[in-house]
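The form predicted alone is given below as one chain in C-alpha cells.
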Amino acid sequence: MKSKDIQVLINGQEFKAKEGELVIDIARRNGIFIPALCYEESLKPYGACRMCIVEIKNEGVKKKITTSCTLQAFDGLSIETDSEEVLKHRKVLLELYLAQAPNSSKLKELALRYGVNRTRFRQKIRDDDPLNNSCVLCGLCVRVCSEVMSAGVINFIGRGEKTRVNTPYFEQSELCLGCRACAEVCPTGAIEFRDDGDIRIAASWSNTKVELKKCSMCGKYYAPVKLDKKIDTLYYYKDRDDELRDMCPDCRRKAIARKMTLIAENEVEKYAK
C-alpha cells in the first residue's frame, strides 16, 4: 500500500513527508542536523543512544521528548530538534559518552558543537582496550556484522561496567570477512583495520587476519578473498564477466571503458560503410 503524502513541522518550518516515515530521515533529507550514534539506515532503528531526541510540540498534546529515529511521522506532526529541554538532555548524554569514550575525536567534535568540552563523570580509561577507549557500546558494529553481513564475528562481552565488544574470548576469528562494515558504521571511529601486503588485519578484533585478493591486471591487493567469494554467490553476480572478476575496481573500470570504446568504434565503422 502506497504511503500517504503528509505535512510535518520541524522547528516551525513545513516539510513534505510520507506517513510513517522516520522523523530523523525527514530532517536529514531537508538539511536539518540531528545527531545520532546508533542510527544506521540499513538497520532497524532502536533508539539506544538517545542522542537523536526531539520534542513533540503539537497543540493539545502533552510535550514529549522522544527519539527521532523511532518516531514515525503523521500529518500535522510538529517537533523541535533543539529546544531548551532537548539541548539540556543532549548535553548530559554527551558528557556521559565523553566519559565512556574519552579518546574519540569524532565524539569530541560532536560535543564541542553543543558547547561541551569536558565531562563531570569519571572517565573510563583502559590501557589494554583494543578499541582505544573510543567505544560507546552503541551496538552498530555487532548488528551490521550479524544482520547485514551474516557473519556474527563480534558481540558484547561481559556485563555492566565491564561490557565490551570483541570476538569470543578475545581470540582471532575465522568467520571475519574483512569487509570493514563494522568500521564504516562506527560513529566514534573506534574500529581499526590495516592492510599489510596480502593480509588485512582487524586490529580491533583480536588482530584477526584475512587474506586479500590480488588484481590480475595491476597486481595490487584489493579485496578480502572470503568477501569476494561470498559476493560471487549472490544472484546478481553469477553472470559476471570472467575477465573482470579478478580485477580491482580501478582496473575493472578501465577494462570496461576500453570495451565500450571498442564497441562504439565498431558501430561507427558499420555506419561509415
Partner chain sequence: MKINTLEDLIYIREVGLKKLKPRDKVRVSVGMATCGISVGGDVVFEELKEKLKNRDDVLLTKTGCIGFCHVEPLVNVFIPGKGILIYHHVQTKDVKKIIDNFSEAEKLDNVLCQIDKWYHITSDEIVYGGGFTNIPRWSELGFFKPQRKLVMRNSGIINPEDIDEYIAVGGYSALFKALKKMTPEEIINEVKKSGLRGRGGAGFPTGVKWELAKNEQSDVKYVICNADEGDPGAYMNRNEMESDPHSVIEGMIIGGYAIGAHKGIIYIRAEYPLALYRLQKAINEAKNYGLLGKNILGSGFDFDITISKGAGAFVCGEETALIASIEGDIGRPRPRPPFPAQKGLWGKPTNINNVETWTNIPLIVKKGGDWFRGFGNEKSPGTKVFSLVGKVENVGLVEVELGTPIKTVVYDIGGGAPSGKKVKAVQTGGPSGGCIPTKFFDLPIDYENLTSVGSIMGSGGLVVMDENTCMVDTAKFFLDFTVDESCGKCVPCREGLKHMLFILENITKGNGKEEDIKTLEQLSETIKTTSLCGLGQTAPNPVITTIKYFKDEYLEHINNKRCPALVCATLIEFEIDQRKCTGCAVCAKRCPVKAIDGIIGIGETFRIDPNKCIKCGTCLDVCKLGAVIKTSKGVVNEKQGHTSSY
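Numbering follows the first chain given and starts at 1. Since the structure is predicted, the reported quantities are computational estimates derived from the model, not experimental observations. So that the term is clear: the rigid core is the largest set of C-alpha atoms that superpose within 1.5 Å between two forms.
The same protein also has a form predicted in complex with the partner chain, omitted here; what follows describes it.
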query: Partner-facing stretch of 93-101, 195-203, 75-83, 180-188, counted where any non-hydrogen atom is within 4.5 angstroms of the partner chain in the model of the complex; finding: 93-101
query: In the model of the complex, the residue from 216, 42, 207, 70 that sits within 4.5 Å of the partner chain by heavy atoms; finding: 70
query: Partner proximity in the model of the complex: residue 163 to the partner chain, non-hydrogen atom cutoff 4.5 Å; finding: yes
query: Close approach of residue 52 to the partner chain in the model of the complex, 4.5 Å, heavy atom; finding: no
query: Residue 124: touches the partner chain in the model of the complex, heavy atom cutoff 4.5 angstroms; finding: yes
query: Contact of residue 137 with the partner chain in the model of the complex (heavy atom, 4.5 Å); finding: yes
query: Residues within stretch 138-155 having a non-hydrogen atom within 4.5 Å of the partner chain in the model of the complex; finding: 155
query: After fitting the core, residue 28 CA displacement of 2 Å or more between the shown form and the other one; finding: no
query: Core-superposed comparison between the shown form and the other one, residue 62 Cα displacement 2 Å or beyond; finding: yes
